[in-house]
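In the form predicted alone, a lone chain appears below as structure tokens.
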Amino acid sequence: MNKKILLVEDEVSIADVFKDQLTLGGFDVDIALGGAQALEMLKAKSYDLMLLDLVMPEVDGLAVLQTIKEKPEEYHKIPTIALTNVTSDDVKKEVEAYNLKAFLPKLSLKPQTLIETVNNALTK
């Protein structure tokens, strides 16, 4: 059975590219087009991994991580990979508290690197 991934990305064109790459890699992928939708989907369905954009309007990725951490009775703990263009050390330090499996920069991300990182996160 294929692993289920929740891809949280507010830009549809980027979400579609990553979904296609992950689907070709053998994963079942659902897309949430923002943090609020991601939180609703996490309540409704179980996922093996979340790929999370950190910078989104309204509810950003850090707010999603904080909500999951603060409400363990509502959200199961989910392995997460940050998928972002923000690569500052301050942001990396801020997300360390959430035990992310990886921090991937979107701009330079190759499909093979994405698939390898997802597979590594799912096996550890």
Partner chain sequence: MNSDSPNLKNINTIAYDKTLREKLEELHNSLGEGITDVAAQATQFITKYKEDAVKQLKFMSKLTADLSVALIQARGDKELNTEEQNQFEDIKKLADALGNLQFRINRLIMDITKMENLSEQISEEGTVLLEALIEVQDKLRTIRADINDLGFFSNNPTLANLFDKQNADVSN
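Bear in mind that the values here come from a model prediction, so they are computed numbers and not experimental data. Residue numbers count along the first chain shown, from 1.
The form predicted together with its partner chain exists for this protein as well; it is not shown, and the discussion that follows is about that form.
Task: Heavy atom within 4.5 Å of its partner chain in the predicted bound form - the one residue of 56, 82, 49, 29 that qualifies - done: Looking at the other structure, the residue within range turns out to be 56.
TODO: Run the contact test on 13, 86 and 112 with a 4.5 Å heavy atom cut-off to its partner chain in the predicted bound form and return yes or no.
DONE: Yes, the whole trio is in contact, each within 4.5 Å by some heavy atom.
Task: Interface membership of residue 73, its partner chain in the predicted bound form, 4.5 Å heavy atom rule - done: No, residue 73 stays farther than 4.5 Å from its partner chain in the predicted bound form.
- [ ] Please check if residue 108 has a heavy atom lying within 4.5 Å of any heavy atom of its partner chain in the predicted bound form.
- [x] It does: once its partner chain is placed as it appears in the predicted bound form, residue 108 has a heavy atom within 4.5 Å of it.
- [ ] Decide whether residue 91 counts as a contact residue for its partner chain in the predicted bound form under a heavy atom distance cut-off of 4.5 Å.
- [x] Although its partner chain is absent here, residue 91 would touch it in the predicted bound form, with heavy atoms inside 4.5 Å.
Open item on the list: Within 4.5 Å, heavy atoms only: does residue 39 come near its partner chain in the predicted bound form?
Closed with: Result no; residue 39 lies far from its partner chain in the predicted bound form.
- [ ] Enumerate the residues of 13-49 that have a non-hydrogen atom within 4.5 Å of its partner chain in the predicted bound form, in sequence order, or give none.
- [x] Counting only heavy atoms within 4.5 Å of its partner chain in the predicted bound form, the contacting residues of 13-49 are 13, 14, 17, 18, 21.
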